[in-house]
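Presented as structure tokens, the chain that follows is alone, the form predicted alone.
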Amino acid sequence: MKDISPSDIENNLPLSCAQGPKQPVTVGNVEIGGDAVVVMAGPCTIESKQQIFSIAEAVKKAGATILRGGVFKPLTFPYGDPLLLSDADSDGENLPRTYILSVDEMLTRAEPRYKYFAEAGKTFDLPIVSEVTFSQAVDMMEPYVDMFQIGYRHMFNMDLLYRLAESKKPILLKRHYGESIRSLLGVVEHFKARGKNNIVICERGVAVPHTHNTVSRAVLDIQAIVALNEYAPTIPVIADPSHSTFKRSYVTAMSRAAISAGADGLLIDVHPTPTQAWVDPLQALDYEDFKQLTTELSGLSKLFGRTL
């Protein structure tokens, strides 16, 4: 992959690579990139009103300040869309999972979940962030979410990027596991060139030929956090140790590493019973483990002159 060159900084990335102090991004009543390390926590997939209220209460008590939750899921395969399930389907085993939803059907099924997702956020004073996967969903989601997440699969979805550039809501942009920091900042430049500056970058892990585990999909690129703070010091950067490792037992250690490397926050999967999660059950922390994580990070953050 091509490195960022002085010519890039001058001609291709002048806005993204502007030097200066960190420019915090405000999400609801929370500031990312300020003195506090921000923890965004919640389920990979919102399964029911009871579930998201329970999680919101637990993560709030543990120290999270933003509630994350997925409704639209860009799955690897077209079968098993969680939108086919309802609040009553606790295990999801008795419904047909091969029906392909149209865009209109997805919007219709998703909106009730966003309504009670937003309600949970307001109840526990937590701004909410959720992934948007296609431009047609932006208008529906905008009244409910406080921040739009662009998942790694949609890093170069230009139709979606152009639509989000028109929104006043902040953006959480994840790096694709096969893309360079140069390409990632290119996406940021597209936003900034259109006048949108409230962007937070998320390091989500990179693909490698082989690791300690031959079936690993990605590994967290700690060096990217340092590099982003060097090349784009004004832009807040957080890390996702959940999806980058896909392994529950690694999440805490990688969270420590990310904060030590200079991350402004973390995105953590939390579920009351992780092994029963509808999507990605391998990496979610339960309530007890999440509380232990935030306790450790609170002490660690103080070493770097920050709070949690």
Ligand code: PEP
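Keep in mind the model is a prediction, meaning the values are calculated, not measured. Numbering starts at 1 and follows the sequence shown.
Missing here is the form predicted in complex with the named molecule; even so, the following discussion is about that form.
- Within this chain, Y114 is remote from the site of the named molecule in the model of the complex, having no heavy atom within 4.5 Å.
- Residue contact with the named molecule in the model of the complex: H243 places a heavy atom within 4.5 Å of it.
- Shown alone here, P74 lies within 4.5 Å of the named molecule in the model of the complex, counting heavy atoms only.
- Contact annotation for Y152: at least one heavy atom lies within 4.5 Å of the named molecule in the model of the complex.
- A heavy atom within 4.5 Å of the named molecule in the model of the complex is found for one listed residue only; from V251, C44, L266, V59, this is C44.
- None of 66-74, 23-31, 50-58, 254-262 except one has non-hydrogen atoms within 4.5 angstroms of the named molecule in the model of the complex; the exception is 66-74.
- Counting a residue when any of its non-hydrogen atoms is within 4.5 Å of the named molecule in the model of the complex, the one hit in 108-136 is E131.
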